[in-house]
Structure formats: structure tokens, C-alpha cells
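Shown here is one chain on its own, the form predicted on its own, set out as C-alpha cells.
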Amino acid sequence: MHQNIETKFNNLKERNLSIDITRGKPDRSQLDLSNELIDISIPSISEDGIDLRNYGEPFGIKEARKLGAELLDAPIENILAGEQSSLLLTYQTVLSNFLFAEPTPWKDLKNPKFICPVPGFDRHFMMLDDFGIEAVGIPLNEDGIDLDAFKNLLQNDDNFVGILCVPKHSNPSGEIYSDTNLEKMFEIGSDYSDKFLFLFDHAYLIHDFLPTPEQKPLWEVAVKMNVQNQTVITTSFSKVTFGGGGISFIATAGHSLELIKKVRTTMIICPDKLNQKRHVEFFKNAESVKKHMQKHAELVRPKFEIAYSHLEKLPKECGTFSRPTGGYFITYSTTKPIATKVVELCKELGVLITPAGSTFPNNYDPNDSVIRLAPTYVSKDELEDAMEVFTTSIQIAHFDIKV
């Protein structure tokens, strides 16, 4: 068996492959779904008389905010429409609290900390690092965060200012937080402090490609638990229409709403109102957005099926892998501390994978076992090759085969 794996490794090496599956990006066929946006004809005046070509409206035009309200199931008065990505609005939320949080801005705290479920989104950790905020990881369970770990952290440290989550199709392992998990999170966090921030990067809110367990709107759960003033929810169209060319939405209330308005009034002379109007004309309403996402699902699903078909052939002793029903990633967890080695072997064979450790704060995976796979961007043929490289590298590293 080991001889066959070694032979396959050498054969793959001779092919001089060059495949990049490091990032979760739409492929060209997905982008083509929104090509009508490029040439769509729109009026220059908004429905309430705003000249879309001019300055102003830092919180977004009314019709865009209305679309965001439909998607996030929140009142329009609690919605702002912004630019390109949920990550940008998430960053602005952290910035606003860093500068202006009451009673004490985070910049004036001795050691502000954020709780981050792991494995998690590498750019979240990079963002917190920009502000000198320590990211502290807690495990994820099938239905959301490990509530015991969450409670234990809060009971033993008074430096935490919030938690940052991807609550649906969690990046990168695909968990969907249950309503009960969210309610308990809200209860524990608000008992800890009425200033504790629940920050949700809802990037994959509408990115289902298989039947997905129902999740109540986050806003509805936050209102039920009376924590809407401590809750910020962001989402966007950056993987719905065009990367960098979509629009984004944020839902929040009370002091959190005033903070984001404060920083946006200063930093955003005006959003791209013409692009907001283009998206509204293109989609009309939330139902149309969901139909558009069904077209994405038909293109994304086969890529995941290819990846699964290869991973299923691996000996079970090598590890386990996630089976998300949406989003853009698969997580493979090795049984031995070999993730770094696997990524190095893949690179040697011409396949780039997200660096091991990236899904943990400080790029440190204590078990060196989690590997993130992003199957969507490459062609099906390239993905077949990439998965063959990956499964071969897993076995080389797991069985310590000399190559």
C-alpha cells in the first residue's frame, strides 16, 4: 500500500501542477450570473428624491436599506447599507468601539480581549490584531459555540469585550448555530456585562447549496433576549454578485447603532449610491436574491461533491472532514499533528492550500491538525487534481512515508 502511495506522489510531482485553493472565491460561471449588473440602466434619483450621483447618505439609500431589512429580518431603522463586504462593516464596528465605546473606549482598556470560535476566519484574527485586541479561541460544537467553555472564560477573566462569530456555515467548518445555542450565548454574555458585544459576521446567510437546518433570524433572537443594543449583524453581496463590487448591510440598535453612524459619518463621505441602486434594481426584493442564490448553489454543489468523493476514500484513521450544507469551505482534521507537513507536501506537488494554523489566533493550531480546503474557485478538472494531491499528501504524512 505504501509503495503505491509513494508512486502516486512521484507521478503527481512529475505533472508540474499549479493550482491554488487557498481562498473561498466564486468561479467565473458564478460571477457571470450577475453580468446584467454591469450594464443595468438605473435612474439617477432615489425613490425619496436623493441625487445618487452626489455626496451624502453615509448610511445608505432607503431602498437599499429596505432590501437589507428584508434579508436580515430587522426594522429598516436598524439597518445601514454600506460597501462591498461584511468584513468591512465588521471592521468599522470594532473601530467605532475602539475609539468611542462607553463608558471606556477599548483603546483605553489595559488588555481588551475577544472570544473567537475556532477553527475560525483568518481575517477576523488579523483584524483584531490590527487593534491590539487579543483573540481567545473556544471550541465549536455541531450546534454552535461550546457554551461551557464560553461561560468558563467569562467567569475567569474580566477583560473580554465581545465575541465574533460566523453563525451560519461557519468559516471554515460549516457549523450552523442552533436557536438554543444563540439564546444561551446571549444570556451568558449579557449576564457577564451589559456592554459585551455580540458581533456576527453573517457572510453566508443565504449561501445554502444543500437542505439546511432552519435558523431563526438573529435579530429576532436578539430582540427576544433583549440584547439588540449589544448585537451587531453584518452581511453582504460580495459572493452574491461581484467581489469588491457588491453592497453590504448592518443591523444593530441603541449605542451600537450610534457608534457605527459616528464613524461612518466621519470616514464615509458617501457610499456608492449608484451601485446600491443597481443592486436594488437587479434584485428588487429578498425573494429574488434567494432565487439568484439557487443558481449559485447549482454551480457550487458539484465542487463539494467532487471534494467529498476524494475525502471519503481516505482511511478513516487519517482524520475526519466537515460536510457543510453551504458556504465555501471544507475542514479536514487530521488525527496526528501533521497539518503543517501536509500543506508543505501539497505545495511541493504544485497545490497551494491555506497555511496550517491560519484558522486559529496567532496562526497557532495547538494540535497542528486543522486544514481548510476551498473547492469553489478552480475548475472541476483542477479540483480533481488538487484533491488527489491532498489525499496523497495526507497519507504520506500520516503513515510517515519517505518521499
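All residue numbers are counted from 1 along the displayed sequence. Values in this document were obtained by computation on a predicted structure and should not be read as measured data.
FYI, the form predicted in complex with a small molecule isn't displayed, but the following is about it.
Undergrad: Which of Ser86, Ser173, Gln276, Ser256 has a heavy atom within 4.5 Å of the small molecule in the predicted complex?
TA: Of Ser86, Ser173, Gln276, Ser256, the residue with a heavy atom within 4.5 Å of the small molecule in the predicted complex is Ser86.
Undergrad: Consider the chain as shown here, without its partner, and state which of Ala81, Ala74, Ala222, Val166 has a heavy atom within 4.5 Å of the small molecule in the predicted complex.
TA: Selected residue: Val166.
Undergrad: Please run the contact check for Ala203 against the small molecule in the predicted complex: heavy atoms, 4.5 angstroms, yes or no?
TA: Ala203 belongs to the contact set for the small molecule.
Undergrad: Can you tell me if Phe209 lies within 4.5 angstroms of the small molecule in the predicted complex, counting non-hydrogen atoms only?
TA: Contact check for Phe209: no, nothing within 4.5 Å of the small molecule in the predicted complex.
Undergrad: Even though the partner isn't displayed, in the predicted complex is Thr325 close enough to the small molecule, meaning a heavy atom within 4.5 Å?
TA: Thr325: no contact with the small molecule in the predicted complex.
Undergrad: Looking at the partner-bound form in the predicted complex, is Phe114 within 4.5 Å of the small molecule by any heavy atom?
TA: Heavy-atom contact with the small molecule at 4.5 Å: absent for Phe114.
Undergrad: The small molecule is absent from this chain, but in the predicted complex, do Phe121, Lys239 and Phe329 each have a non-hydrogen atom within 4.5 Å of it?
TA: Per the other structure, all of Phe121, Lys239 and Phe329 touch the small molecule.
Undergrad: Where, among 195 to 203, 262 to 270, 293 to 301, 139 to 147, do residues come within 4.5 Å of the small molecule in the predicted complex by heavy atom distance?
TA: Residues of 195 to 203 come within 4.5 Å of the partner.
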